[in-house]
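Let's start with one chain on its own, the form predicted on its own, as structure tokens.
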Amino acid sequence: MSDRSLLIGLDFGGTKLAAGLVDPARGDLVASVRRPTEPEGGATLALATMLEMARELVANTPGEVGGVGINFGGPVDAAAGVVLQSHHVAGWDGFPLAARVGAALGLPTTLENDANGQALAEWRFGAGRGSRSMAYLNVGTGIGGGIVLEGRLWRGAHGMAGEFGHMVVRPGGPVCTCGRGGCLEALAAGPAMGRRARAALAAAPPEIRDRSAMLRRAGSVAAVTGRELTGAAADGDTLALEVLDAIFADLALGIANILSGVDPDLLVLGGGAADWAPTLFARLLEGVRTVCLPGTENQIALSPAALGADAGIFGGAAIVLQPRA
């Protein structure tokens, strides 16, 4: 692979499939294709669709393609190139995805889970560019993350580094998908935000509930999600801010723990958190400063992720460029 080679990034998600060509020298997305994931078709259809998109990209580019990186939404064995499991699409358990894609496209292919891939993408191409060390926290349907130290992805001894969503920050709190109570994911991921907002609306006096911007945005209490919560809070809605402050108190504890354990130059927030208004970021930062290690308050740097919907594609390219152990 030459320094001028383009790279293919493949992003296998639970709701969408995305493929793109990245110019790593310029950090640009040259071309991309997206299609919805069809869960009923299982892994077989997802792979066939992704290969069709990748071939379409290669056929329409005059440049040299040097490799393929796969960003997969689920646990993987990166060293073996094997998908361990998917929570959204059947047929992926134990699937040798890197080998199958590499053989089909005739290109060297690497595999990584989506949170690690997005962490590498933000470090190399996005908000973390230029930092020596970076922690990435994805706050979306779940909470995951990744750690880049001195330019290398840190997977940990068992490949579990960056599973920030399963830090217990409130013992005895809501039950998480992992089965424990009080995990950060159960308190501050998108579904948890929506649940806490709906509970607050249901408990509020009618005169407060009916004036809430959350209700106006969603149309009904049952339709309120984390998006309505953060949007109403950014508009200054009193009830939304009360709910979000309680959520941010939990999230700030998690972030402070990450900062104490990793001590990165920068912590990047991705997923839905990347779209929060600057006023909400400032509110969260202030919360982190109140619970962080004393003396480190002015060292904290938080930033929204920069790559948006293309993070998975850029993650694939960043995976290819990552030095292999």
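The model shown is predicted, which means the values in this text are computed figures rather than measured ones. The numbering used is simple: start at 1 and walk along the sequence shown.
There is another form of this protein, the form predicted in complex with a further copy of the same chain, and it is not shown here; the text below is about that form.
S.K.: Exactly one residue in Ser260, Thr44, Asn60, Thr279 has a non-hydrogen atom within 4.5 Å of a further copy of the same chain in the model of the complex; which is it?
M.R.: None of the other options qualify; the answer is Ser260.
S.K.: To verify the annotation, which of these, Val169, Leu105, Ala78, Leu215, has a non-hydrogen atom within 4.5 Å of a further copy of the same chain in the model of the complex?
M.R.: That would be Val169.
S.K.: I'd like to know if Ala274 sits close to a further copy of the same chain in the model of the complex, meaning any non-hydrogen atom pair within 4.5 angstroms.
M.R.: No.
S.K.: So in the model of the complex, does Arg132 come within 4.5 Å of a further copy of the same chain, heavy atom to heavy atom?
M.R.: So Arg132 counts as contacting a further copy of the same chain.
S.K.: Taking 4.5 angstroms as the cut-off for heavy atoms, does Leu244 touch a further copy of the same chain in the model of the complex?
M.R.: No, Leu244 is distant from the partner.
S.K.: Indicate whether Cys292 is a 4.5 Å heavy atom neighbour of a further copy of the same chain in the model of the complex.
M.R.: It does: once a further copy of the same chain is placed as it appears in the model of the complex, Cys292 has a heavy atom within 4.5 Å of it.
S.K.: Counting only non-hydrogen atoms, which stretch in 279 to 287, 65 to 73, 33 to 41, 262 to 270 is within 4.5 Å of a further copy of the same chain in the model of the complex?
M.R.: Only one stretch qualifies here: 262 to 270.
S.K.: Taking only heavy atoms into account, state which residues of 150 to 165 are within 4.5 Å of a further copy of the same chain in the model of the complex, ordered by sequence.
M.R.: Glu150, Arg152, Trp154, Arg155, Gly156, Ala157, His158, Gly159, Met160, Ala161, Gly162, Glu163, Phe164 sit within 4.5 Å of the partner.
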